[in-house]
Structures are given as C-alpha cells and as structure tokens.
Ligand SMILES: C[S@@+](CC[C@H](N)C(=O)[O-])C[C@H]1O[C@@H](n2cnc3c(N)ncnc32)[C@H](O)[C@@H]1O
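Okay, here we've got a single chain as structure tokens, the form predicted alone, with questions on binding and movement later.
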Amino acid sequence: MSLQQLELPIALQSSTRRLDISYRERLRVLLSSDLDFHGKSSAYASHNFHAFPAKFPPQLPRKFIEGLTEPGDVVLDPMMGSGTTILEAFLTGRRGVGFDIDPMALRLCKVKVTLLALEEIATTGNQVLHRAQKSLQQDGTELRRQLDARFGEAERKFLDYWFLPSTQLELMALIREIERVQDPNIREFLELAFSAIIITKSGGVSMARDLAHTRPHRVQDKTPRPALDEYRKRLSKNLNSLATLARGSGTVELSHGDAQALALRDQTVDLIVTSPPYASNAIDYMRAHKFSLVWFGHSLGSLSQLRRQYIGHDAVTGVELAELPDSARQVVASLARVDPKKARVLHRYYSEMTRCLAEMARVLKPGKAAIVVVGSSKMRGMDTRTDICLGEIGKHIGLELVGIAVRELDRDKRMMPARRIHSSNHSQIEKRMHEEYVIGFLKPESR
C-alpha cells in the first residue's frame, strides 16, 4: 500500500506551511513527496560521529519536523537509536525528547547534541594520545596488568578472540587516559571516538569484518589498523563535525526508558518520528555494540540480559502477548502453520509494537502526527507485512491512518547487515531489506 503522488502547488513544494491547508492535508502531502533522499549527504553536524546500523537519512525526520511543527514544539523519538530525529529537532530549534534502553544509543545521542569548546577538546584529546603513546613505550608491564584486572573471564575470552594482544594494549592505554579526563562532557566525547574506531563500517581495530552491520565475522588474516592512529583520525573527524553543531538552537531531553511505558504526561508531544527495530532480531544491535561496551565496564552477561528486552527480540518465554487485529493475527496464524515458534516471536513483536503505539497515542496532543518508519521481514519465506499490520494496530488503538509511503533504501548510505541487493551472492536478509515504509498516523481531535 502506498500513497498516490499528488500534484503539488509550487509554493507547497518549498514549504508545506506556507499555504493555509489543514494539518492532515500537510501530512498527506509530506507522505506523498520524495522520501528516498538518494544523493543527499548525511555527513553534516554530528550525524557521522559514530557508525550505527539502519539509520534513516536526517532529511527524513527534518522534512516532517519542519512541515508539521514550529520552533519550540516537542518532537519525540521513543526508540531514538542513533538520535537522528533528536539531532534534527535540536538543529531546527525544537525540543527533542528521546528514550532508549540501549546504552550505546544513549551515549551516542548525548554526545551528538552536546555543544563543546573545540579548542579544549582538541587540547585534551592530544594530551590523551600523547600520554597513551608514552605509556605504551614505557609502561607495557603495568598496562598488561591493568588489562587483566579490568575484565572478567568471559570478557577476557571475548577480547582475546576479537582483538590482537597488541591492539588490546593500545586500547587499554587509550581508555585509561580517557577515563582520567575530569570534565564529563569532554570525557564522553573522547569515549565515543574510542568506540567509533571499534564499531566501524570498514577497517577498524578488531579482527571483525562488517562490525557496524551487526553481523561480524572474524577474519583470520585481517591486519587491524593501529588503534592510536585510528583514534587520532577519528578525533579530528568528529571535531570538524562538531564545529557545525553550534548552529543548533533547540533543547534536548534524553532518558533511559522503554517505548512501551514512556515517562511522559498525556498529550504533551507535538510530533513523533521514530524507526522501530525489525521483527525477530533481524538487526542485532547488541551484537555489535558489545564490542565497545565491554571496554566501558559492561559485562557480557548483563548485555545479554538487556538484549532480551529489546523490541523484536526472538525470546518468547515469559512474554506478554496482546490481542491483535485481523491483519496481524492472520499473518501470525499463517506463520504458525509453518513454524509455531517463529509465529510466537512475531506475535511478541506485534504485541510490543501495540504497546508502543498505544503510548505514542497517549502522549500525542490531539490533532498531531506520529511518523513510524519500518521495514518488513521474511520469516520462513513469509512476508510479515509489517507496514499493513502496524497500520491496522494503530487504527485498532484509536489512531487515524493517514497513509503509508514506500521509500527505496540507498544501500550505499544506509548501513544494513549485508551486501548490496545486486550482489550475485546475496542472502535472504539482503533480499528483503531494500525498501521500507513510512507510516503516517494522526491522533483524532476528539481522542
């Protein structure tokens, strides 16, 4: 299902707010416009601070933010991920409110919207690099002792598998000096740069390939790049990006929180733009994020437990399943005839999304919109029809479904866990991740 293209007046093409048309019609026009953004650069402000899988282009939330809100309005992303919506709200003078339970998402988002003095960061970063290099040359024995003392047995085995001993020492020297930085905002900026040389689209300092794509594979003959050299380059790149962030005039509120139970009052949000996870853990964020998080003191056991709480996870024990509308129930029932366990996984996903959409409806002001960007999945060869099912679930809880637009993914820009769709040796996950759906909901005035 997709919206028919509308023939737009010239004035409306440049700004949907210039003509006196209804909010609903503005939403329809935005949904029917070009949402692909192929050829558009996403490397501005702090969007490129750190790799993150399946980010939507910043032009997408900006289009809806500028078209449906005014400066000072509240823009919510209840599953903020890399913080694209939040950063765009900040840059356009809105109040960005974001929630997530992923510790890497929270770290990344906070740094991306924090204004800092460039000279102070550059000076501190150079001092960290200098002291790390000096300790590697003069204090190797103590570094190895601290490295052994820092991690438990499971974490030690993990690091030994994925990082060469020499790389571990370099990273230990870096993280030790970063943790000595007194200013928490500067320290977090430096920590994020540290993470970015580990979780990266290509190259990187680990023995993994495609780590940023969440499906890492250990490459026996890979030669990892020197950690200090990579850190110096990443720090310089992030500093250059930070220089453009000063143009942001909005405010930001970030919290650890579950999208199924938002810590917000009723009817306080002017716009929601969010992109929920895929069903059945198709994009496994924690599988990549743990490569950095273990260096920040998280145990693998705690991260594994947290991963089970993510929306779309494939664990089904102790999960509360919701009553689904006909479309979603039929998809789940069809899958159950082929694979009952997978059907319960899908039922879990639609149950979680039912609670998420109910929370969105609760916190939205009457007459305001929620934009939900989703991809569909195939489970046992069956299309989960995510766009249709979530559209019906939204209507079932009282939202108006204004329309569903289809956008083609630019696989050269959007980091998916696979090679491009035209590869001669592509997997099932590649075949299905070439488009996504932009669902436009409206909360009725009478709700």
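Note that this is a predicted model, so its numbers are computed, not measured. In this text, residue numbers run from 1 along the sequence as written.
There is another form of this protein, the form predicted together with the named molecule, and it is not shown here; the text below is about that form.
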(request) State yes or no: in the predicted complex, is some non-hydrogen atom of residue 100 no more than 4.5 angstroms from a non-hydrogen atom of the named molecule? (result) yes
(request) Mark residue 56 yes when one of its heavy atoms lies within 4.5 Å of a heavy atom of the named molecule in the predicted complex, and no otherwise. (result) yes
(request) Tell me, yes or no, whether residue 249 is in contact with the named molecule in the predicted complex, where a contact means a heavy atom of each within 4.5 Å. (result) no
(message) Taking any heavy atom pair closer than or equal to 4.5 Å as contact, tell me whether residue 369 reaches the named molecule in the predicted complex.
(response) no
(request) Counting non-hydrogen atoms within 4.5 angstroms of the named molecule in the predicted complex, say which of 275, 354, 195, 238 makes the cut. (result) 275
(request) Name the residue from 200, 82, 377, 206 that puts a heavy atom within 4.5 Å of the named molecule in the predicted complex. (result) 82
(request) Would you point out which of 254-262, 182-190, 160-168, 333-341 contains residues with a non-hydrogen atom within 4.5 Å of the named molecule in the predicted complex? (result) 254-262
(request) Go through 299-336 residue by residue and record those having a heavy atom within 4.5 Å of the named molecule in the predicted complex; state none if no residue qualifies. (result) 309, 310, 311
